[in-house]
Structures are given as structure tokens and as C-alpha cells.
Ligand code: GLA
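Single chain ahead, by itself, as C-alpha cells, in the form predicted alone.
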Amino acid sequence: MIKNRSLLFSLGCLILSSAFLCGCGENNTAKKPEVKEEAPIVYITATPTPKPTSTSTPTPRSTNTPKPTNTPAPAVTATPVPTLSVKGIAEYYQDYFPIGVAVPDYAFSVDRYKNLVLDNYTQITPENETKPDALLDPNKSRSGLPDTYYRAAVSFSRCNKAVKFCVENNLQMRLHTLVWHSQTPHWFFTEDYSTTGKLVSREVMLKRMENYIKDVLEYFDTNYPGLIYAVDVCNEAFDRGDGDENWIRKNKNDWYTVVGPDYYYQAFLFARKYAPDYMKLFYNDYGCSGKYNKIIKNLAQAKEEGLIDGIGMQSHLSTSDTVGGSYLLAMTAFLKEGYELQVTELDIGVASDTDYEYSRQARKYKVLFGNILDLKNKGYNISSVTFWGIADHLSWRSDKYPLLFDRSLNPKKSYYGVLQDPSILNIE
């Protein structure tokens, strides 16, 4: 309950009057956003909403995501609503599951971004720095031939900032991703590690896949044991439009061309061989609402053989999506199959830069998290939720303002929706 409405209203007006207007797809060549030192983050405190009772114990713990453009847009400051008396999202959900966030490399050099992460999240996904094109080293692979013919060289320099931040702040990290048709360089599949070389045989590529997975997993286990809580072993392997008769991605997929339609199964086979027990192995995909039956069918053998632990639902949604409909149906289907479930790349885009759409966005977030809590309280294994980005202007969908904080890093209505605030209607 709000004990002093007039005081809250005055405080809200003060926030709105002090707010200032400022400038704020999938393209890896997009420019980094301009970094500005702005006013400190503002949180309003009020009477907390009690958390629902949970009897289950939480499990500890892309998508091509280019850097955003500098498209100008106004800061979006939420209409004053009460927050809960918690430091941030992770603290509110600490009894249910960890909350994570995808962070671009340059954000680790900006104190305001780092502070927001530490206030609200306990898990990190490097936005691009642990994808294959970031870890594979072309120069050392070529210069090392013939010794590197079956074992391409790897380098971890690009993810050093993320690793250091996690270690220093006792955060966990998601390894995204080992095997993916996108952001895996073509030279990795050729005889001489060149972009124009002849493709290797299936047998050679399976050796390279095994050694690559082995080297990456063993590096983290040896140097940073316990850091990696989950591994996206294979990403986006199933697609109706670009897939074969079983929806296994075929078009523009070197893994399919060289290894064959079982490439994703082979990836899980090797990952299970080298991953320590604390690294959970996940299949990660987008648009699961429209293909969960195919995903379940195609992964059946890997699941039966104990090669896979869970499903990662990317969850790039919009206010036009019904999160209580097909999305909830897909979640429930995976859970009933016995998979551990993680929401791995959550954002909900708006149709327009209007207060109506931001209110709608907040309601979507509230309903979605309410559904997750309900499934969790029924005993289903939902073990993590990760937002794909820190703030709207840093998002790969920056023109859709899909996240919880505006470009001034002020919490939006969607932030309060995630916190199940009673001022946000619990309807879509």
C-alpha cells in the first residue's frame, strides 16, 4: 500500500521535471553508442510487495547481437510508481532463480553500466566475446600448420574483461556459444584455414569440433573453475525456412555442409565428454513458440543418452506477442519433457515510443514473470532468466526500446512489472 500518495506524487513530479531529453537489427558493424556521464540512477522506495511462497530450491548458477547504433531517441522515464524495498531484480528473485544480463565488452569500462549490473544481476553473458569468431585464432591456426590441422588455435583475450569482472564480483558466466551457423568463420572448415580453401572432410571437421570444444571447456575449468554455470552447446540449429525436411538448418550452414545433419548431436557428444559437472549443457534457440515440437523431436536422442541438460529460450518478444499463450505453451512443453529451462535472451520490444506502449510492455513483463513464478512454484525446473542488454540504447533492438532501463539508466515501467509491483496491471 502507498502510505503517502501526495508525497509519492510530488516525488514523481520532481523526477519527471528533473529528467532531461537526450539522444537515443542485426549488424555486427554497427557503431558503439556514445558514452555520456549522466545523472545517477534514481530508485524510489516504498512499501514492498511480499514474495510468493516457494517450496522449490533454485539451481545455482541471438542470436547475432551487434553493437547498437547511435539513433537519437528521448529518455523514457516511467510514470512514478512504487518500487520494492530491494536493491534490484536479482535480490527480489534470489529465492527462486538467478537473474542475468548480456553485456557488451565496452560496457566493462564504464562505471555507470557496471554499477547497474551489480545492482540488478548475478550472472553475465558476454554479448559477442565467447562466440566462435571471437575465440578462434586464424593467424595462429594458419601459421601453426601442419600441427594445427586437427586443432585450430584459440584465444581468450577478447573475453578477458568479462571474465575479470565476474571473478572480481563473484558473478557467474554463461558460455554463448560453441556451435553455431552464424559468427563461425568459414576458414575454420577449410584445409589451409583460408577463406578460399577446399573444405575438409567430415572426419577432419569432427576432429576439429572435438578439439575446439575440449580446448574451450578445459580452459575455463582449469583457470576459472565454477565460473561457467551454463554452456550453449549448440545455437539455432532448427529452422523451418532454412532447414531440411526435419527443420535442421541447412542453408548457409557450414556445419551442415561439412559434417552433416547430425552436427548438433555430435556437438553435445563432445561437450558432455569434456564438460565438468557444474557446467550445464543447453540447446539455445529463438522462436521456440513455433517449433518446440521439432526441437523436442530432434533432441530426443541426445536427451535419452544424457548429453543435454536443458533448453534455452531466447525470448526476443514484442508487445504484440501473447506471453500467456503460445510462449507459455512452449515453456510448459519443454518442462514436461524433463528439461531444465532457462530464459536466455529476454527483451520485449514496443511498437512505438509512447506511454501506452510502455505501459503495455510493463504488463507483458509482469505477466511473463508471474507465469515463470507459477511454474516454479509447481516444481518445474526453471533455473535462470537473462535479459539481453543493460539499457534500451545499448540493445541490438534499440529502436524498439525493449529493456528495463532508459538511456539515462532510469528504471522504466517494465522494471516495476518485472518486480510484480501492484501498480502494474496483471493483464497483457
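Note that the coordinates shown come from a computational prediction; the quantities given were computed from them, not determined experimentally. From 1 onward, residues are counted along the sequence shown.
In what follows, reference is made to the form predicted in complex with the ligand, a form of this protein that is not presented.
Per the 4.5 Å heavy atom criterion, the ligand in the model of the complex is contacted by stretch 312-320, the sole one of 312-320, 158-166, 188-196, 249-257. Contact annotation: of the candidates Glu340, Glu236, Glu129, Glu210, the single residue with a non-hydrogen atom within 4.5 angstroms of the ligand in the model of the complex is Glu236.
For the options Gln183, Thr332, Asn115, Gln301, the one in contact with the ligand in the model of the complex, meaning a heavy atom within 4.5 Å, is Gln183.
Although the partner is absent here, Trp396 is a contact residue: one of its heavy atoms lies within 4.5 angstroms of the ligand in the model of the complex. Among heavy atoms of Tyr365, none comes within 4.5 Å of the ligand in the model of the complex.
Interface residue remark: His176 is counted as part of the site for the ligand in the model of the complex, having a heavy atom within 4.5 Å. Among residues of the shown chain, Trp388 is one whose heavy atoms approach the ligand to within 4.5 Å in the model of the complex. In the model of the complex, just one residue of 336-354 lies within 4.5 Å of the ligand by at least one heavy atom: Glu345.
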